[in-house]
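You are given structure tokens for the same protein chain in two forms, set apart as structure 1 and structure 2.
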Structure 1
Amino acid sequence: MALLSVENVSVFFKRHLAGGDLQVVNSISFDVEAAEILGVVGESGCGKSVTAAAVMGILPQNAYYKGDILFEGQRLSTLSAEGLRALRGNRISMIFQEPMTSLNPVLTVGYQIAEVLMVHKGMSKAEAMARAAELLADVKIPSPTLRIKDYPHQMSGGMRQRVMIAMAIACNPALVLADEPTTALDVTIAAQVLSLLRGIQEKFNMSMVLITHDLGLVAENAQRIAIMYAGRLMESAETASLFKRPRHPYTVGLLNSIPKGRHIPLVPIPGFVPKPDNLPPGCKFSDRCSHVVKRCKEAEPPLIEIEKGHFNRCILNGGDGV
């Protein structure tokens, strides 16, 4: 049984308009196995962060989801607010993109880590602070016993993201959702933070959902990759299989958009990322696709398994020169 099963999840934002509520995620399904890293890749507005928020139960007030999210066999929609709170930060935790805005500026980092332990593990403050120092050492912050007394503003971006990681792993969670964990960091610091995260993930056998726009990042770290576009899953496969033979024109387009070296021509995807309230009919990528045929505009292709473990949502299915 998968650790996390997302089954036909759609996310909506409430609107008081004639068109009804705005759908930003359209019937997404994926599983995360134990000790696995799943990479979710997509551009801004594709619904990748909203999907994570739905799993975490932290959708904004004006949003709701339909479908099923099962964690360790438990249907999350059946849990009470109390039950969800017991899960969040304990069995499932999250690392956000912006370490400055996700830490409380008026509390010491030590206390913010200790709080997680006091709430979920019932530790006393002294015990929790001692454990917080150990956790800071785990995320390789030098002189942790001194640094627990620091406030977030006294730390650099890389340090703050390490603190976020320490908070996320404090209760030894089964699943960590990392939403663009290194996007706000410099390249060399990003590489450090990611190798740290990988080390911890392997050591504690955690599962991780790595949400990013960077294909290189998932190529290096994820076992499986899901490519999202316009709130849909376009292609998903084992990492090696996806990079060896990407089938969906969008995946191919993304790969061709990354500069690979001097004098190797760059082939961008034309057009721009559509807004969720203004999607084209049929295949949602059809207006930007260079392989588009008439059938693409008529009906949205289903996500089909074209090879074991390799799913694709395209009627051309990697043929016809895609």
Structure 2
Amino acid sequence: MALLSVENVSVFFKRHLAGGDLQVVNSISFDVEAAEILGVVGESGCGKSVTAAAVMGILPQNAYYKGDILFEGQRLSTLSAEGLRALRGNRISMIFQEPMTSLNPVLTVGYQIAEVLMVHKGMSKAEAMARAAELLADVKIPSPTLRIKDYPHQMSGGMRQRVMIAMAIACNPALVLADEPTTALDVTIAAQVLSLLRGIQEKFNMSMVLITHDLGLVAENAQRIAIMYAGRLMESAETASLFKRPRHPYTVGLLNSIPKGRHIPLVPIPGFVPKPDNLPPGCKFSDRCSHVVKRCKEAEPPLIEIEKGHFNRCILNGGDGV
């Protein structure tokens, strides 16, 4: 049994218009096994973060999801608000994109880490603060007993991100959702944070969903990769298989956008991700695809298993790929 199963999940935002509620995620399905890292890749606006918010039970008040999300065999939709709160931050945790807006500016970082332990583990404040210092040491922050007294603005972006990681692992969760954990960091610090995340994942035997727009980032860190576009899963496979033989034109486009060396020009994907209320007919990538044919615009292809463990949503499924 998978640790996390997302089954035909669609996410909607309520709106009082004739067209009804706005669908931003369309029937997403994937599993995360114990101690596995799944990379979820796609451009901004494709629905990655919203899907993670649905798993965490932190969708905005004007949003809701349909479908099933099972964690350790338990259907999350059956849990009360208190039941979700007991799970969230304890067995499932999340590292958010921008730590400066996720951390409370008027509380010390030590207290914000300690609060997780006081709520979920019943520790006293003194015990929790001592453990917070240990967690800061785990994420390689120097002088942790002094830095627990710092406020977020007194730390650099890389150190704030490490604080977010410390909060996420405080209760030794089974699953961590890392939402663009290196977006606001420079290349050197981003590499350090990724190495730190991978080391913690291996040390504590956690599962992780690594959400990013960068295929290169997940290449060395994820066992499997899921490619999202316009709220849909377009391709999914083991990492080695996806890089060796990508089958969807969008995946190929993302790979071609990765820098390959000096004097080698990038090949960008033309156009932009469509808005959820203005999607093209048929295949949702058809207006940007160099392989488009008439049939692509007539009906959206289903996601099918073209090889063992390799899923693709393209009319080229039966052919030799792209």
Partner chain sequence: MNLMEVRGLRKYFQMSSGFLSKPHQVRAVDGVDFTIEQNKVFSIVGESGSGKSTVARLLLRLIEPQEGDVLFKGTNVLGLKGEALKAYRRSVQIIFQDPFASLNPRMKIFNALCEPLKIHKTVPKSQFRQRVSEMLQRVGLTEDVMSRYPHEFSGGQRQRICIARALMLGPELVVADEPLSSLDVSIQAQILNLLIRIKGEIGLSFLFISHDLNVVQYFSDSIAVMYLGKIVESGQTEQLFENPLHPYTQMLIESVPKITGVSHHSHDTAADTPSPIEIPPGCPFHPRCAKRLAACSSSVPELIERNGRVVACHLY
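Superpose the two forms; the largest set of C-alphas matching within 1.5 Å is the rigid core. Residue indices: 1-based, along structure 1. Given the structure is predicted, the values throughout are model-derived calculations rather than measurements.
As summarised for this chain, the second structure is the form predicted alone, and the first is not.
Fitting the two forms on the rigid core leaves the C-alpha of I58 displaced by under 2 angstroms between the two structures. Aligning the rigid core leaves the CA of I264 displaced by 2.9 Å between the two structures.
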